[in-house]
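Only one chain comes next, encoded as structure tokens, the form predicted alone.
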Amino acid sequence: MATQAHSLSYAGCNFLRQRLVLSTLSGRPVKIRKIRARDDNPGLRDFEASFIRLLDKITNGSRIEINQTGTTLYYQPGLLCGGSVEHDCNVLRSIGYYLESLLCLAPFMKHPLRIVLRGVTNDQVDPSVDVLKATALPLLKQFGIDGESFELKVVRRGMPPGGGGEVLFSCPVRKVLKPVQLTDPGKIKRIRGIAYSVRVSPQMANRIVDSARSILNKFIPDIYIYTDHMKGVSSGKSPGFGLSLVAETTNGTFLGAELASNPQGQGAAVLPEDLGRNCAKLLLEEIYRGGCVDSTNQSLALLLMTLGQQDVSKVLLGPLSPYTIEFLRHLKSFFQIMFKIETKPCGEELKGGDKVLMACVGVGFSNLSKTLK
């Protein structure tokens, strides 16, 4: 692990997770100032403090200093140790908020990570556990992270504002990642989905499925949307319903989209028919954007390419999201790596939006803390 490093300094609360995750992987300390300094309620929010506590649990020897108002954070990363961990996530953000960062860190632990996360499984802000399971796990497999112990399981569902969900994530460790060449997304061959409902009538899920199919059946016959109705303890503390859809291509690319109902007591009630139709349209938009990785997982793909062996990796992406663009800037700061970016206008071969071909040579990151058998 790099110990040379003078600390990097940032201001503001944006991209906090990116900075802390890259700091942990590169070994470079980071100092973040002016976190919501002008806000009526300055400093770190509860969900960010919860995320920092989670980082502290999975690392050994991290030094975390926060000033009294919570507006300045100094983080000196320790070694990633992994093992069995339990964490209660803050219900202001869903488990996906924490899981996205764990997916970046888990392959580089000393011991395989097995973590139980409790909180909100599906909300309207972060990627849900269902979509991450269907899109991020196959992406990690492309980089050689696979095995029997590689799983993500929804034990209990929890909707905002009460939460009460539970998720189990376990991931094997890898010494090195293999380079990838993901340049041809292929054609859509099937669509799978999960319509879930908790603490409402089970009919809600069926109504969502019918309305989503009314749009998607015009394009492709192979559609299967499971209904998942959890009862009793498994259904968390708040009512709600939603849909997550994933399109799979002939070349093993997964593109996801999802929608969830408004939290109890917030906003207008959503009809399941509208939710199903809107989610189907979101999936079609994601397919139009295209690429070999969907917009949720762009930054994960770029990170794994950066940490790969010293060989060329290429990935074709749809239009870059603002989050991904900032992530590229951070990769340059922490790992001094530059990507070669070629724009591919949509022509005969590439349907849909303009694509971007990202290529880089990996930094040859090696998991030094992995115990050798």
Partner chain sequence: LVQTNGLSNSLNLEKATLTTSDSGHCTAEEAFASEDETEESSCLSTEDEDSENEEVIRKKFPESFQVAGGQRLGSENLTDETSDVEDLLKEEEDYKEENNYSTETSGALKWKEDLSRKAAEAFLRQQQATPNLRKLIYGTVTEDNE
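Values in this document were obtained by computation on a predicted structure and should not be read as measured data. Positions refer to the first chain, counted from 1.
As for the form predicted together with the partner chain, it is not shown, yet the points below apply to it.
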Assert contact_stretch over 59-67, 31-39, 44-52, 338-346 against the partner chain in the model of the complex, heavy atom within 4.5 Å, equals 338-346
In this chain shown alone, the residue from C13, V363, V356, L25 with a heavy atom within 4.5 Å of the partner chain in the model of the complex is V356
Would you classify L316 as touching the partner chain in the model of the complex, given a 4.5 Å non-hydrogen atom cut-off? no
_I325 versus the partner chain, in the model of the complex: is there a non-hydrogen atom within 4.5 Å?_
yes
### Query
Every residue in V270, R277 and K281 with a non-hydrogen atom within 4.5 Å of the partner chain in the model of the complex?
no
When the partner chain is considered in the model of the complex, the residues of 126-159 having a heavy atom within 4.5 Å of it are none
